[in-house]
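A single chain comes next, written as C-alpha cells; it is the form predicted on its own.
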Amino acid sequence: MFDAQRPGDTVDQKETKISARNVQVYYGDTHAIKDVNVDIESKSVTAFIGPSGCGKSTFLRCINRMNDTIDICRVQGDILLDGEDIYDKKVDPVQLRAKVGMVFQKPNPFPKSIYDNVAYGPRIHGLARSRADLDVIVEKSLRRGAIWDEVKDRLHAPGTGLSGGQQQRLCIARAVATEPEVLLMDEPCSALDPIATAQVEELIDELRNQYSVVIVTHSMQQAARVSQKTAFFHLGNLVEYGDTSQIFTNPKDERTESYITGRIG
C-alpha cells in the first residue's frame, strides 16, 4: 500500500507545495474518496491516473474547493497549501482559486473578446492599476499560454471564434493571468486533436518552471510524457504514488500493474 509521507518529512528533490492527509470525500452517502494521503511537489507536474470514476477528478477539485459548489458534497481531512489549511473558515474560496487556477476538460472561453477573457481575473482581483498594467498582464499571460503570436493582431475578436486547441491555450492563459502558484488541469487534452494535444503538452512542460501543475489524464502515454510524479487512483483509493518512471516500469502494487498493462480499467 501507499506509504504516506508525514508532515515534516523532506522530499528528496523539491519542497512540498500541497499536502493532503486522510482526505475523505462524500457525495451524500457515497464515499467517493477514501483516506488519501499525498505530498505534491513544487514546480513539477503530477499526473493523476486511473479508470473512469475512480476519484481522480474529485480529488483534483478538492485542491481549489470546487466541490464547495456541490450541495451534497462533504470533504473531510486536511489539505495544506504551503502549510496553510485551505479549508480553514478564514480562507476565502475566491482568493484561493486565484492562487490555484483550473483548466477544464472542454475549453470554456467566456463569450468575450480574447483580451477580456484574460483580463477578467486580474480585473476582479485588483491586480492591475491601469489599462497599461492590464495590457502587460494580458500579453504576458498569452505568451505563457503559447498563443500570443497567433492572436496578437485580433485581441478584440471573440475567444469563442478560436480553434479548439487555441481555445484551450487561451483558457490556460486566462488561468495564469492571476499569477497562481498551482495549476490544476482536468483532462485538458481530451477534446483536442493530436496536433493541439502535442502543443498543450509542450506548454505543460514549460509551465512547470513557474507553477506546480497537477493534471488528471485518462491517457497513460500522456502521463508518462508530461509528468515527474504519478498517482494511481482506483475505487476512490490512492493506491500508489511515486516517480512517474517507477510507476510505469516497476509499480509496487499489483493493482497499478494491472491497470498499466490493461488488465483493469
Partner chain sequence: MPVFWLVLILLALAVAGYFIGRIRAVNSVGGDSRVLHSLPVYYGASAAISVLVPAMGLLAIWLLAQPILVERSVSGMIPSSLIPDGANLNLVMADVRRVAEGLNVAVQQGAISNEQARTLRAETSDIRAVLGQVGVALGQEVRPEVLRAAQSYRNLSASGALAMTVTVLALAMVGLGVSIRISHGQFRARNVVERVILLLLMAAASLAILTTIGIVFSMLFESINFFRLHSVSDFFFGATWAPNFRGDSDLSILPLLWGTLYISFIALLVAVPIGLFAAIFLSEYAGPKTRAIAKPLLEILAGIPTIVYGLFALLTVGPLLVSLFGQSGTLGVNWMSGATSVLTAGAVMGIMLVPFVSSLSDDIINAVPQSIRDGSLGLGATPSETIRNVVIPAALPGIVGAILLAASRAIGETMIVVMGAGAIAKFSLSPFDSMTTITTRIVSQLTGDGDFSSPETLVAFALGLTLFVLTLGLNVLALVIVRKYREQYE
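Residue numbers count along the first chain shown, from 1. Please read these numbers as outputs of a predicted model, since none were measured by experiment.
What comes next is about the form predicted together with the partner chain, which does not appear here.
With the partner removed from view, the residue among Asn209, Thr30, Thr69, Ser52 that has a non-hydrogen atom within 4.5 Å of the partner chain in the predicted bound form turns out to be Thr69. Put simply, of Gly159, Pro188, Gly145, Gly101 only one has a heavy atom within 4.5 Å of the partner chain in the predicted bound form, and it is Gly101. Contact check for His125: a heavy atom falls within 4.5 Å of the partner chain in the predicted bound form. The partner chain is not drawn, but in the predicted bound form it has a heavy atom within 4.5 Å of Lys112. Contact annotation: Arg61 falls within 4.5 Å of the partner chain in the predicted bound form, judged by heavy atom distances. The closest non-hydrogen atom of Tyr120 lies within 4.5 Å of the partner chain in the predicted bound form.
This chain is displayed without the partner chain, yet in the predicted bound form the stretch 169 to 177 from 149 to 157, 169 to 177, 73 to 81, 132 to 140 comes within 4.5 Å of it by heavy atoms.
Contact check at 4.5 Å (heavy atoms) against the partner chain in the predicted bound form: all three of Val94, Arg97 and Asn108 pass.
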